[in-house]
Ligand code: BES
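Only one chain is shown below, in structure tokens, and it's the form predicted on its own.
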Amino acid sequence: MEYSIKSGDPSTQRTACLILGVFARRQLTPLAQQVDKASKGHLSRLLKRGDMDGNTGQQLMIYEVPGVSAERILLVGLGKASELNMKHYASAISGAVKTLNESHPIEAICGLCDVEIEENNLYQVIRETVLQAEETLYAYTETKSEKKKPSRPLKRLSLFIHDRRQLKAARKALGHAQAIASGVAFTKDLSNLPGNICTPSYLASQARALGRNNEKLRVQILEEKQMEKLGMGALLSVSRGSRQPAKLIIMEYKGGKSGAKPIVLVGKGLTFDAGGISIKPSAAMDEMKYDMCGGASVFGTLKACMDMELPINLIGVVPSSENLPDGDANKPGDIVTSMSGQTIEVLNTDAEGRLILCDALTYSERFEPAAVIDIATLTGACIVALGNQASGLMANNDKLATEVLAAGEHAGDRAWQLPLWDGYQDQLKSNFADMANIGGKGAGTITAACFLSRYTKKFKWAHLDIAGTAWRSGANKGATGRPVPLLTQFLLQRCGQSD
């Protein structure tokens, strides 16, 4: 959808629909009051009839308002002004966009961006407006034979601000929002594709396509023979049970100063995870195509950064494989040697994500990174602990952890920090190798991070477990695009481009 910023007198704006807000008890927002004055109290008189109180979720479409150039006005309930937060605002935007997309207008002006929302500024409100609009309009159609679309979908949305002195900030927010929304959509598209299409080779082809479209992005794909020469025995052990060859995808975006240390994002790219010999239950196994959401989020974040032309050096590393049962697959009790030289006893072949990530983390040392963040749908235990509200965060550096948490709060894509105490390391002890790949029933999310921490001693590192946040299960199952907003905000902060 096309977006723009508008300012001036709202009553004189020529548009198919002007969206205005109403607080509880029929209290018009300041912008709506301005339009009401131009209409000589027409809006107030309609509200007094009782068709709308301004409660959250309510809507009222009004036609032919006197003194107003808009063809129609959509009044949107915002609830109590004192209780308006970003969650309620996002719901109001989503409802309004859904209504307009399913009705006649193909363009509209949103007059909700000037409302005061807790401690959020105009930049944050505009960014959230665009992200929620795109979230509402997103529909996966790639593998459907009939791509049903509304007969007159919403194509253009202008965001109205009353203070022209804030135009620069508004346009900056709009540019960032569109880039992040594009990255989120790209992540969703990759994650929603089935495993027979989105293979490790397919992900590699998508990386090459990104590289062709941006001269600042260099793409390198390591094949299995190259990984074997590097000693990536942990990563390669996972792909042994699959007919699809593993790939190590490296995407280097050079937007910053030459020689400046890069941020490295390492994303788990398991394009399908049946659990291997430790096979998963068949119920909901179809959802295991989403086990590459970490890798997909690296793709989406890189795309967003390239669209914004961020002045930062950023490297995306995506180890990609399938985990299937086969005569040559990992067996419980097998011992593999990682690129770091450390040996691993594979007690559970369904704990494979950490096996591909550990070699990718060791590979990342060569970039001498400023920081490394890995992103993975790693443990079901994280869903038990945090549900779908927050990603699990563990780190070997408190300052880096604080940065990531702050970025999540700012972007509305929260993470919650869990401890990474040395005592948990004892759960990974093995009688036959340097470590086991699982740590028993307790603290599964933490022991998985403890495993990865053994490969991150040479750099600042944070781990995001997105098992509960990367997708929705049930009737509305599908990828969420998280944590692209968090990661992008982190990078915006790093290069001084945030609000």
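Remember, predicted model here, so these are calculated numbers, not experimental data. Numbering starts at 1 and runs along the sequence shown.
Here the subject shifts to the form predicted in complex with this ligand, a form of this protein not shown in this document.
- This ligand in the predicted complex is approached by residue 288, whose closest heavy atom lies within 4.5 angstroms of it.
- The shortest heavy atom separation between residue 191 and this ligand in the predicted complex exceeds 4.5 Å.
- Taking non-hydrogen atoms only, residue 380 approaches this ligand to within 4.5 angstroms in the predicted complex.
- The shortest heavy atom separation between residue 47 and this ligand in the predicted complex exceeds 4.5 Å.
- For the options 156, 164, 218, 280, the one in contact with this ligand in the predicted complex, meaning a heavy atom within 4.5 Å, is 280.
- With the partner omitted from this view, the residue of 65, 438, 433, 443 that lies near this ligand in the predicted complex is 438 [heavy atom within 4.5 Å].
- The stretch among 148-156, 328-336, 268-276, 221-229 whose residues place heavy atoms within 4.5 Å of this ligand in the predicted complex is 268-276.
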